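Only one chain is shown below, in C-alpha cells, and it's the form predicted on its own.
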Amino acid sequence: MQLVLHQYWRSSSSWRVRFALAWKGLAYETRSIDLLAGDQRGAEHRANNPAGYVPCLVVDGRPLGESVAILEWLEETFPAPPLLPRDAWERARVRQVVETVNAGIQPLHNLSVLHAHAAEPEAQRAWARRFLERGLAALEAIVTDIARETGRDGPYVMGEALSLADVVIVPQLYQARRFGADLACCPRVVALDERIARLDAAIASSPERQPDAG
C-alpha cells in the first residue's frame, strides 16, 4: 500500500496525521503544500481535496481529506498499536476530546479565518489567543472529568494507553504557544502535552523535523 501525505510542516492538522503514522510505524511519502504560498488553492491540490485544506492522504492513488477522517481510517486499517480504547464509552470520550480540538479550537486560528478577521498581524494574534484560551479551558475541564470518571491520572488522557486524544493535544499546544496564548487555564493539558511530546513518534512528526520546515 502506497501512502502519500500532502501536508504543511506547521499545520497542526497535518501533525496529527504524521503523529499517528509514526506511532503505527507506517512508511509514507510527503508532498509539501505551502500554505503561505497559496498551494492549497491550486487546481492540483483541489483535485485531491476540493476544500483546499491540508492534510490529504493519498492511498494507492485515492485521496482522503480531513485529518479526523484520516485518523479514523488509519485506526480501522492498521489497528495495532491502537489509538482508540476497546470500551465504547471510552472511545466516545476520546472522540469528544478530538472534536473539541478539531471543531472547537483549531478552525478559529487557521489562515483563512485569521485573514478574514483582520489584515493586521497583531489583531489576528489577539483573535487567535481569545479562542485558543476559551477552547483550552473547555478542554481542561473535559480531560479533568475523564480522569475523575476513569480513576486514571495519566500519563495520557485515558490513563496508560496513548489515544487519539493525546495525538491532537500536542499539535494544539504547539499552536497555542506560537500565538502566545495564556496556558494558565489548562495545567492538566499542559502536563499531558509535556509527557506526550517526549514520545519518539511525537518528536519524529514534529514540525521542525519535516523536510519542508521553514
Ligand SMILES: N[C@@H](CCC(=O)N[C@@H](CS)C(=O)NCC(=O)O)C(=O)O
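All of these numbers come straight from a predicted model, not from anything done at the bench. When you see a residue number, it is the position in the sequence shown, counting from 1.
One more form of this protein exists, namely the form predicted together with the named molecule; it is left out here, but the text below deals with it.
In the model of the complex, the named molecule sits within 4.5 Å of a heavy atom belonging to Gln40.
Taking non-hydrogen atoms only, Asn110 approaches the named molecule to within 4.5 angstroms in the model of the complex. Within this chain, Arg16 lines the site of the named molecule in the model of the complex, having a heavy atom no more than 4.5 Å away. Residue contact check for Ser11: one or more of its heavy atoms lie within 4.5 Å of the named molecule in the model of the complex. Screening 47-55, 149-157, 23-31, 179-187 for residues having heavy atoms within 4.5 Å of the named molecule in the model of the complex returns a single hit, 47-55.
Looking at the named molecule in the model of the complex, residues Leu162, Glu194 and Ser205 place no heavy atom within 4.5 Å of it.
In the model of the complex, the residues of 86-110 lying within 4.5 Å of the named molecule by at least one heavy atom are, in order, Asn102, Gln106, Asn110.
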